[in-house]
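In the form predicted alone, a lone chain appears below as structure tokens.
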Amino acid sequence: MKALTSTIAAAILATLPLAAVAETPQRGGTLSWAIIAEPPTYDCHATGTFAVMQRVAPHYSTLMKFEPGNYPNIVGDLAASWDVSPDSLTYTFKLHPNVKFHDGTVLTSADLKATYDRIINPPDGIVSNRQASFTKVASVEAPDPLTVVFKMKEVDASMMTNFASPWNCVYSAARLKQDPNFPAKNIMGTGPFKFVEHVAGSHWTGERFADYFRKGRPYLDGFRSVTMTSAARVNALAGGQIDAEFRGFSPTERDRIVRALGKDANVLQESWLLHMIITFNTERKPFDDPRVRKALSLALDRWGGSTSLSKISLLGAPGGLVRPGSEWSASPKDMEKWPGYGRDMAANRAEAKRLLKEAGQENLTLTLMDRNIAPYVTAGIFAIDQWRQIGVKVEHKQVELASWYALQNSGDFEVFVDSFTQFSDDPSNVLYKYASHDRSPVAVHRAIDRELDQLFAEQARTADKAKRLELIRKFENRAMEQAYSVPLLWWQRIVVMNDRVKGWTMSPTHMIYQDLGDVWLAGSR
């Protein structure tokens, strides 16, 4: 974690006592925090939006999880211990005893089996967004009440990461037997907080679960998640009506809140596992021609754009298909070899013009589809200005979120400002976006590339890190040359909260560390 940016934030933090990190947690109080979107479902397995995750995470447990304060290390949640066979084809987990659901029933391995069977082979009418992560699992077995065993069809180098996904909420087997769709409209888990109520457009509340299996947790009496607009959350945090917002603010929003809160502001900054992408519809002419796609990527000054846009927006560093700064990312030297990443923009744009002329598209016009919110609009305006410099004329079409999804999924677009986020930096999680359209539902470029698919499969079963890195670089090199979808800039995550909020862990993703079990409020009593 990198603490703080901006002179104003640094000055404030310099006044904070170093001993704060060793403070003794206090019990009591209700954490009030903001969120800007309503959940389309309550079912963790069926969706990927933070609007669900950040609300439901306090109510559920998972088999494994990312260790707070030590991302990306993985530790047990419901699992007390585990063992992986020498051939990596059998995973055996021993569960904590006497874990209770919020209805008082005791969790057993049958609940884990029912949960993962639902993820891996969802019943008719049940959506499983996590199904692709577990395709290599042959069976889930529950040989005794506290043991669950996963048998693999083949080696999966990402398996422990998949088990640590925050989306694998563990459900009650009894409730699922009564109604497989029970989690879509009901909350009943083993997490630190019991569900109280959800009033759409207003709030979501939870109260401390007294029988939570981690003794002494949670510290809070409860939490209140308030639904509000993006502008309202800034005003509410600056005015002290809420304690936190866990997704992120722009630099200008950050500075406004810091000025208002003064010494009570706590600012945390990290690179974000979320990036802006330019995606081409490879089924539409002339974007079926790699020369055209490559030319448009070459014209984008990512290094210069990062310098200017990071000061005013959520857009941050240039990077490849893997988050810059992660253990799997390409170095700047590696990146500079890719089309559109060389630092000599005059040479890049000359080559872009040459490619367009060779493709018969020197007078290219296109329509850029975009979401009508920041920083999507910011990214779109930047791309349009870059393409203008190689003679490309662009119509900027800005649409609401529902239309944005509908148009990309139907293929009714030429080029659009795309984005992608995941819960971890694991290569299989993030490269999935760039695989063939028929192998990945999130690869909306509509291209089929079996070379990329083969490289993806090879890296997924390669346990040796050095060899896996070589395969990832080969995948990136191929993806950048073909330019079906190309990264523009990665986001920067800036979280601001009232300094009385303690025990919360910053990370590169807004999908983990949201169960609030370790969070407490200073001066709550």
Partner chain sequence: MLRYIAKRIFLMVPTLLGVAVLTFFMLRVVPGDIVEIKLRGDGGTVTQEVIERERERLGLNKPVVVQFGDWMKGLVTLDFGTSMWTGRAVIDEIGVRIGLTLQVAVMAAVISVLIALPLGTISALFRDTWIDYGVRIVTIAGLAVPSFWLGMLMIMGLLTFFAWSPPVTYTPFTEDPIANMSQLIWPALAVGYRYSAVVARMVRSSIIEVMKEDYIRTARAKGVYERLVVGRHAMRNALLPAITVVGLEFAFLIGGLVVTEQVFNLNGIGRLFVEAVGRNDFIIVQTLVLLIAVMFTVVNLVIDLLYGVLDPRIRYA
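Positions refer to the first chain, counted from 1. Computed from a predicted model, the values in this text were never measured in an experiment.
Another form exists, predicted together with the partner chain; not displayed. Remarks below refer to it.
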Picking from 289-297, 104-112, 449-457, 436-444, which part of the chain touches the partner chain in the predicted complex when contact means heavy atoms within 4.5 Å?
436-444
Kindly indicate whether A46, K185 and A200 are, all three, within 4.5 angstroms of the partner chain in the predicted complex, using heavy atoms.
yes
So, A346 and the partner chain: in the predicted complex, are they within 4.5 Å at any heavy atom pair?
no
Contact between G28 and the partner chain in the predicted complex at 4.5 Å, heavy atoms?
no
Is A210 a contact residue for the partner chain in the predicted complex, using a 4.5 Å heavy atom cut-off?
no
Would Y42 count as a contact of the partner chain in the predicted complex, using a 4.5 angstroms cut-off between non-hydrogen atoms?
yes
Tell me, out of R371, K194, R302, R323, which residue has a non-hydrogen atom within 4.5 angstroms of the partner chain in the predicted complex.
R371
Single option in A80, L401, V84, A350 placed near the partner chain in the predicted complex, where near means a heavy atom within 4.5 Å:
L401
Which residues from 215-254 come close to the partner chain in the predicted complex, meaning a heavy atom within 4.5 Å?
V226, T227, M228, T229, A232, N235, A236, Q241, R247
